[in-house]
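The data below hold one chain only, encoded as structure tokens and taken in the form predicted alone.
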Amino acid sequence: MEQNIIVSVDVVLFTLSEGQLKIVLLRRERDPYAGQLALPGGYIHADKDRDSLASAERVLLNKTGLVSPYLEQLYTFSGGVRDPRGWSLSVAYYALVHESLLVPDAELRFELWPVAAVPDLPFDHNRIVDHAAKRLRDKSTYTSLPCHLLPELFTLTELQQTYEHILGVALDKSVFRRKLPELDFLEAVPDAIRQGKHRPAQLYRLRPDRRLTIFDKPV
């Protein structure tokens, strides 16, 4: 007897909160695993979604109310044992947002969990989280990807701290600052200054035409 394949998308949504890299989890409303925390996910609608990216965008919007500034395909997870309903395939994506955009309400009930303390999740969602966290950390060593975890305007100190939180290491401030002029993904915002404890700090933003910049040398 021929078996229908379950085809879905799952999204690992990253943010930085309280100095920790965290992900969004939701409690499943239906079996299997009703009531358990899981990644935002859903079926691919072949009659409506132009591709898996459109599915991921729809799922992210429906489950979290967000349109992420950065959404990238991660990997395809498949097999006959990952879902108790039968053979399944999930196209996994990961996304990044600033924490101020994550505002749960009566309809959008999600939780933030530190990547380092994610509980046991159904299906193979722990494996998906591990893959996504590794991709984020690896890619942060040679691209401008961490900028998507920042607010629209930020200081160079906040940019460095974001890299440090993701990579889990302290970066030399002078080396980091010397590298920045070589990179054209940032632009100083005219007349935008933040008053600090010691001296005013210039505010920057990500250039709209530089969604992702690849560096010549690692951070």
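Here the rigid core means the biggest group of C-alpha atoms that line up within 1.5 Å when the two forms are laid on top of each other. Residue numbers run from 1 along the displayed sequence. From a predicted model like this one, the values you see are computed outputs, not experimental measurements.
FYI, the form predicted in complex with the DNA isn't displayed, but the following is about it.
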item: Check all three, R27, G42 and S88, heavy atom within 4.5 Å of the DNA in the predicted complex; value: no
item: H165: touches the DNA in the predicted complex, heavy atom cutoff 4.5 angstroms; value: no
item: Proximity of A201 to the DNA in the predicted complex, heavy atoms at 4.5 Å; value: yes
item: Contact label in the predicted complex: N62 to the DNA, heavy atom within 4.5 Å; value: no
item: 4.5 angstroms heavy atom contact with the DNA in the predicted complex for R58; value: no
item: Of V67, V175, L153, V169, the one that lies within 4.5 Å of the DNA in the predicted complex (heavy atoms); value: V175
item: Partner-proximal stretch of 191-199, 207-215, 19-27, 6-14 relative to the DNA in the predicted complex, 4.5 angstroms, heavy atom; value: 191-199
item: K197: Cα shift of 2 Å or greater between this form and the one not shown (core-aligned); value: yes
